[in-house]
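Only one chain is given next, in structure tokens, and it is the form predicted alone.
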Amino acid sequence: MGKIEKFNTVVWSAGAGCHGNCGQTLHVEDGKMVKIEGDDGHPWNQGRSCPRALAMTQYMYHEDRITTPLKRVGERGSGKFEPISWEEAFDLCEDGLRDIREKHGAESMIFCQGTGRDIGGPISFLAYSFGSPNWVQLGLSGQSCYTPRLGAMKATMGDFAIADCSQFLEKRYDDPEWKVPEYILVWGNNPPNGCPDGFYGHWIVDCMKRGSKILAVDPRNTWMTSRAKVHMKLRPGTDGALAMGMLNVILGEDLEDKEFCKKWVHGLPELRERVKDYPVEKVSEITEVPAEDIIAAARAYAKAAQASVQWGVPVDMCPDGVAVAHAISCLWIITGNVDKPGGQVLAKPSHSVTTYPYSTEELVELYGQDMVTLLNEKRIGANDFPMVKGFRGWAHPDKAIEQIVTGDPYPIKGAWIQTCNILGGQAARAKLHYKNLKKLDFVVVVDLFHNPTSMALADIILPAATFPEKNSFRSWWAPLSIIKKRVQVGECKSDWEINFELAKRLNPEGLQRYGTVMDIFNERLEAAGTTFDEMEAKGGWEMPPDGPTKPYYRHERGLMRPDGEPGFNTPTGKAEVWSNAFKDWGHDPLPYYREPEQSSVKTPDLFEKYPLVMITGARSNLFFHSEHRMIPWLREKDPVPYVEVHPDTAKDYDVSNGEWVNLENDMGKVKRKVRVTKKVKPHHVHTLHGWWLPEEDGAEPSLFGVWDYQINQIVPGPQAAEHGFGGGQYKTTLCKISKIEDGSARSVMGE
């Protein structure tokens, strides 16, 4: 046995499958990682690890991991691949991409990413170097993951905001500047189960230990809701009405922060008039939340000395996620809980370092206005949705699949799919995507394991690295961090290494200034006045210095606006509850409510046929979306795809705990194992998304059993809201339970 060395690094997938920034200590023996544990000295997680991080050795050294480039040698879907060298793989990728660009234009190649993993930087770098404007989360209907919330915050405050749990301060909870939130409004989120969007879930628990009280919005009963002072158990998709009802109470009872509103809020009279359309009794009828609970929660939040909001992806997946996020943002704006301790922190990338562009402004800073203007001319969806053109660099996922089907206004001929199990994970109406992606001329998949997408579509598969196997950097809010490579597994390369090599081949003139990937890192780190090596010498992370990227009260100090004047980065210099940006984009400048596309109210005939509201996608601390189903420690704890069913519903459908059933609607049926529980209401069911079975045959027609277990087959789409962002029906699809009568329920993991 060799000597075990310990190295500290930062997690940003792949492996843990998360949005990352947890400090972890790697135990390395003879070039192999033998153990991982939380880094006690890191301010983000303070020594804690999730099950996925603790299972990293099983992930990294799994016998089914892809560790060399592969070339398809049979028909698409046959599952036949052969190993090739990296040189041949890069040559084939270069030839395939060049061929599409020469025959059809660079825009005919789409660059598809999922979430987690530090993918936004390398994939946008490759897409734009190649000349394609079409960087997209294909299949994610309405881009319904964080982008609707980001867009609403940008339109109202000019910046993004996040619940203040002292995460921008090195001393954390001991820093005298910080104040514990008196109340935390946890909206559509069960924080301890995940680490979403630059936020570590257990911070909420840390705040609770220090006195924070919880107000919860969630149709389900969870660990978090069981500890709430008020649990608003709403009808899925009615979040917008609930937010407007709370605003009605606050403004109707004059509970707003009058001094803050007078000085820093634009449009309050108009908002006050709008919320009169949402009296509490009406909102109670819409949402199924008792009126007294709405009133109690609104009063508690508004009267708190300081209060914050931690929200989740269900906000984005409302019928118009941007409008819902707008309404919730108004709650913290009118109560003055902005840019102050214990409220909402205005969150900027640490040290002003851009990992990848979250907004059009950052895109312009990285690539210049001329290039962004050029990209917008052919970016899918940019000419359909003014907000898509004006806010963020994504191509539009719903319009993208439509364009693959129709070829209008130009054909889509190839796809670069990186960190993205489209068929097994994010795609609403998954079979539509399957059928049409099969038509593409050339498909590259970059991943670590075979999955339904790689098996069904890939011509070339490139093996990516886990976080202990790569160098990278991270500046998603704070701290500024680097990831340092400590081991090598097979021939795997980091996403940055893979994309850099191809970008250089496809755009040698434009990228002359970069000799290595490290040159890109150091260029991005220039804003912080540091280099990758200097960051390593400092311990790998650094909290933001006083200035634009560190709270508090920056709007008062002239640190939020480019002109250096006090105020917010908006046309009026104020937080705009009546938004000029929305007006300019042709949208209602005030928040509003829209009924879900499928519901007892909007589609009563469909509801009579399918009387259960199916909620999908609650976060698991064992799996990240469609990842990890092959990892023994994790799969042992949650071996089968289950559906949570209320005891009354189980009785109505004559199903029992542990029985295999179908969830069914007009789009098809999907197998699930029943868990009878009071976690859900009688007319709701809940099931995890992303299920496929790595132990089953990967070749068609099985594709690892994806067509038996992938719940998104019966989720409608494409289906974007009027803003272009939001509206994915992942939380509000109607269904029924049907018994499996033909004996086709499979044995899963030895059952």
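Residue numbers here begin at 1 and follow the sequence given. Predicted model only: the values in this text are computed from it and were never measured.
Although not depicted, the form predicted together with a small molecule is the subject of the following passage.
Here is the short version: of N190, S212, T335, Q598, the single residue with a heavy atom within 4.5 Å of the small molecule in the predicted complex is N190. Proximity to the small molecule in the predicted complex, taken as a non-hydrogen atom within 4.5 angstroms, holds for one residue of V670, V309, A430, V446, which is V446. Partner proximity in the predicted complex, defined as non-hydrogen atoms within 4.5 angstroms of the small molecule, places exactly one of 39 to 47, 695 to 703, 26 to 34, 52 to 60 at the interface: 52 to 60. Contact annotation: T115 falls within 4.5 Å of the small molecule in the predicted complex, judged by heavy atom distances. Under a 4.5 angstroms non-hydrogen atom cutoff, the small molecule in the predicted complex has G617 among its neighbouring residues. In the predicted complex, no heavy atom of Q344 sits within 4.5 Å of the small molecule. At a distance threshold of 4.5 angstroms between non-hydrogen atoms, H689 is in contact with the small molecule in the predicted complex. Judged against the small molecule in the predicted complex with a 4.5 angstroms heavy atom cut-off, the residues P196, Q418 and G425 are in contact without exception.
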